[in-house]
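Presented as structure tokens, the chain that follows is alone, the form predicted alone.
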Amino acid sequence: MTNLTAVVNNEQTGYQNFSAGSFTFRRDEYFAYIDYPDGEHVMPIDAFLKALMRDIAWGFFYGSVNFDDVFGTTNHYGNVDMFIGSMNEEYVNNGKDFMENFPSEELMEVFQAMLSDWTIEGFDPFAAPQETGTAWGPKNGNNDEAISRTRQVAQRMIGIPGDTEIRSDKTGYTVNRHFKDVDQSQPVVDAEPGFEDQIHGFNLWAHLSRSDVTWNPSIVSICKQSLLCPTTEEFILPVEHGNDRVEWFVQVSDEIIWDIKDGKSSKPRASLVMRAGDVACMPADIRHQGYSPKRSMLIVWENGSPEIMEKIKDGTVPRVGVEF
């Protein structure tokens, strides 16, 4: 088992310290401190908790989840690397990088306990800044209700009987302040008798307009190995996501500015502005972080092929969507 410990930090803050292998985590009123054999890394506590929330919610996700330019995790689907500087050229060149591998379930246990203890009353690391309280200050309760949200994952398409429910006023989700103009009407589907569970439609824009989280793709439909994962975005994507497979982005509304970096070195590669109707293919050797000045809708189209795992392991996964 992972070396998981938790002790009271000090009487002034009341927060617990956590450890996993050679890593130790502690926080005070403003910062998260990550101690490892070669030194210490510091992050603002709000940025750390927002990144930690996504890493947990996404199950370490596809590829690497970089909390910033230095610290992060890489998913190997069953086990996960936690690293300092391994995806940063300067750290690697100066021998300051450090990495340790953990069973996924054991590291997830540490992360979940840390998120629960360090998230105080009123702060929601899943929400936009205007929709949540502050992460700063001494220990003050918790917000386990907010951090225990789970991603919606449809097995076919949301709204089909027996599958994920559609977000509506009946399920308690309210229309977000930025989407008050979104039409909430649902399509009329008149299926032939006997095909009621095979023919279906729903208002995706109305569904997204009621999302109470940001930067958290939920699976709304699955067709064989194709996963449609729309999400609403506001402010800054709390992580730099390092792909291990090609991702397709479809900008549905408003605007997102993307910073694109090299996946391994963190060197800047491109800056991309996507507006409604734009489509972009994110290669499998980059990391990306988005900035959305107004809450926007984005569709992330993912490849859920089980064969892609082996291609990632043996290095044969395609780096780009198409070669000319």
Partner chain sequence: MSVEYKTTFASIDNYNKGGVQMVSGNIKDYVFSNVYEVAANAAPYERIVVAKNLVYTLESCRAEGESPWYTCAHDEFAIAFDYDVEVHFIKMDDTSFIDDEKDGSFRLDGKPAGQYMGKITLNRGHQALLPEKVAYCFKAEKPATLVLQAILGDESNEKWNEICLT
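Residue numbers count along the first chain shown, from 1. Keep in mind the model is a prediction, meaning the values are calculated, not measured.
This protein has a second form, the form predicted together with the partner chain, left out of what is shown; the following refers to that one.
Colleague: Three residues, A57, N79 and R210; all within 4.5 Å of the partner chain in the predicted bound form via heavy atoms?
Modeller: Checked in the predicted bound form: no contact with the partner chain for any of the three.
Colleague: Indicate whether the partner chain has at least one heavy atom within 4.5 Å of a heavy atom of E310 in the predicted bound form.
Modeller: Outside the cut-off, so no.
Colleague: Give a yes or no for T171: in the predicted bound form, does one of its heavy atoms lie within 4.5 Å of a heavy atom belonging to the partner chain?
Modeller: No, T171 is distant from the partner.
Colleague: May I ask you to state whether H41 is within 4.5 Å of the partner chain in the predicted bound form, using heavy atom distances?
Modeller: Judged by the heavy-atom cut-off of 4.5 Å, H41 is well away from the partner chain in the predicted bound form.
Colleague: Please tell me whether any heavy atom belonging to E145 falls inside 4.5 Å of a heavy atom of the partner chain, as the geometry stands in the predicted bound form.
Modeller: Judged by the heavy-atom cut-off of 4.5 Å, E145 is well away from the partner chain in the predicted bound form.
Colleague: Which of these stretches, 66-74, 31-39, 281-289, 47-55, has heavy atoms within 4.5 Å of the partner chain in the predicted bound form?
Modeller: Flagged stretch: 281-289.
Colleague: Only one of M108, V250, I166, I120 has a non-hydrogen atom within 4.5 angstroms of the partner chain in the predicted bound form; which is it?
Modeller: Contact residue from the list: V250.
Colleague: Just to be sure I understand the contacts: of T132, N216, N243, N203, which is the one whose heavy atoms reach within 4.5 angstroms of the partner chain in the predicted bound form?
Modeller: Looking at the other structure, the residue within range turns out to be N203.
Colleague: Taking the partner chain in the predicted bound form, which residues of 241-271 have any heavy atom within 4.5 Å of it?
Modeller: The stretch touches the partner through V246, W248, V250, V252, S253, D254, I260, P268, R269, A270, S271.
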